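To begin, one chain is listed below as structure tokens, in the form predicted alone.
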Amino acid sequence: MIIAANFKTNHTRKSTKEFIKELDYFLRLHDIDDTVVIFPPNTAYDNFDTDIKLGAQNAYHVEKGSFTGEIGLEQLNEFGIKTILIGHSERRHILGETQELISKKFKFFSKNGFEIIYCIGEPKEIREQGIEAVMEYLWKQFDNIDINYDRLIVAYEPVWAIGTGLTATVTQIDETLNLLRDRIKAPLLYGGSVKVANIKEILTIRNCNGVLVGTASWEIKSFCDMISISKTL
């Protein structure tokens, strides 16, 4: 089981260090063997004394160079980061990342051996057209993406359920993940308003191999509660 926390633009280096210290203690105390991944903001990167996996929310597809406001491989290597989110809907829809740019990032970081959590998801108007429209939309997000990359993890996050408090129904998630599984061998995660109240039913879905959690992961007790629930399954 994979339990990943996306801090987005939240937490500082100090609060991230405190969060990871408490989380590390919790995982050791309860002998948790799930894969736990934390995606802190760039300014919170540090050499934390932990086995918890740290990932990058974003990076540019270069080692280093003249790309104001971006970070590259050189900066990630300093902290031993080898996991990255690519294709998150907030970068697609808010920050305007195109499929062309996303595929360039995927190619670069896969070439450099990164574990890639690749995010896909449909907006509300597509979901309202039915599952065939949803899948057509999702498959387009795999254009120029190597779905056979051996360090690929796919996170299905319906855009209309991210940060809205809305969650796709178990039936919707199950149907979508089943259709993704027809072509994709990689682990499949669900993301989109995952929280303590619904994580159990989400993780019991047949082809769900874990979750990518946003808002509910920013508070240590909430995140630990979700991990505890995952251990019971």
Ligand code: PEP
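Fair warning: this is a prediction, and the values are worked out from it, not measured in the lab. Heads up: residue numbers just count along the shown sequence, starting at 1.
Note that the form predicted together with the named molecule isn't included here; everything after this is about it.
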>> Tell me which stretch of 64-72, 42-50, 29-37, 184-192 has a heavy atom within 4.5 angstroms of the named molecule in the predicted complex.
In response: 184-192
> Should the three residues 8, 161 and 213 be counted as contacting the named molecule in the predicted complex, with contact defined as a heavy atom within 4.5 Å for each?
Replying inline: yes
> Is there a heavy atom of residue 122 no more than 4.5 Å from a heavy atom of the named molecule in the predicted complex?
Replying inline: no
